[in-house]
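The chain below stands alone, shown as structure tokens; this is the form predicted on its own.
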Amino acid sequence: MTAPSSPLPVDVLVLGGGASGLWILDVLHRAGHRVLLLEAGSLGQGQTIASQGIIHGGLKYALRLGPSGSARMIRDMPLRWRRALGGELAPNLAGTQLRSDYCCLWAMPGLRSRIGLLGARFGLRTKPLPMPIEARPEPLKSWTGPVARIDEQVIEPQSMLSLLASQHRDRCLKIDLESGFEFSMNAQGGVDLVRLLNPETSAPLDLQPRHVVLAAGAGNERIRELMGLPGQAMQRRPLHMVVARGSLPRLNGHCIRHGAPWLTITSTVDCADRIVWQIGGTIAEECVGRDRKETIERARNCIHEALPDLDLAGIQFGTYTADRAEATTDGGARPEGPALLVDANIMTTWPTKLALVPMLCDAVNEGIPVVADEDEPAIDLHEWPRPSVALPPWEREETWTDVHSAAVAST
């Protein structure tokens, strides 16, 4: 493919193909924009594919028993997602695989944990409802304390990414950020021209964007640096997650301890039809900086406390790390909602949480007016390579540890 004789005009270039980037692409395309998405790796390879897929409605904030901006912003998101997943709202996410239509809540003994559950009942738009023993997942049938159900759906992130990517295949381009991506800036600090090199043929393609949206999560930091934009706009809050696979029951929910989600467990199935647990919550924050063996041992002990009747014999464990990329705040606290920074014709975006992606996309859409120009050439890049969807962490793990035998098994 040869480069056009003049730059190809586009309304918006979106850099980054995770949940935010693909959702922004969908919103802007439906609004009438000529939009392309550029991805240097695999779609969703950062925070999206590493996430547990829970469409939160503000549980963590409600447990504190006090109103907050975060709780107000996020409490309507489960319904917004539910309608998109049902095909009632755009983007049409009908066909996305669900891990569960709800999450369970149960609390460890202690006053603060019980008060936390009370806060969840009063602070959430979607109220937790008591679960009778016969309706509980198998690991919680013998739990002596109260167990509640909260209608927060749990999606399969890879499925959602694949669905959105299939709807916009012609608008997603694979790029080489290091050697196949150049740009020129204007005097106002905006992007004038972007030159891409086809990763397979090295043929050049010049694009002239009216707007550029950075939706690359942690990758925004590097792109902003390359563009000479002000630094220290982003902060990272790392996690050390645990995965387990084997003869496990399905379970999706939160175990509350000391007024916080101590263990957050979600269940899926791997390529060999084994049940896989992703294990996050406070434990994933506390294990940052700990080695793999210590983290697995801590997770195993915590599971034994939270689910004392669960037999872990033969269960294999692994770990992975993930960076939650967010806009910088004073003191490093989590932002209350999604963030959008504007530098000339460049928008830098961070959703803060998966559930807040729709709210972020609304803000991007509102900030970019549609400019109709029927004389602009059609975008036809059918020969350009397309990015693939990232594999989830448990499919990339090379070694799994059986904590009972201390043996290490390969995949």
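Start at 1 with the first residue shown and count on from there. Because the structure is a prediction, the values reported are computed rather than measured.
Although not depicted, the form predicted in complex with a small molecule is the subject of the following passage.
Looking at residue 358, you'd find every heavy atom of it more than 4.5 angstroms from the small molecule in the predicted complex. By the criterion of a heavy atom within 4.5 Å, residue 320 is counted among the residues contacting the small molecule in the predicted complex. In the predicted complex, the small molecule stays beyond 4.5 Å of every heavy atom belonging to residue 13.
The closest heavy atom approach of residue 223 to the small molecule in the predicted complex falls within 4.5 Å. With the small molecule left out of view, the stretch that reaches within 4.5 Å of it through heavy atoms in the predicted complex is, among 140-148, 190-198, 90-98, 321-329, 321-329.
Note on the partner interface in the predicted complex: the residue among 364, 346, 35, 50 having a heavy atom within 4.5 angstroms of the small molecule is 50. Here is the short version: of 227, 269, 177, 260, the single residue with a heavy atom within 4.5 Å of the small molecule in the predicted complex is 177.
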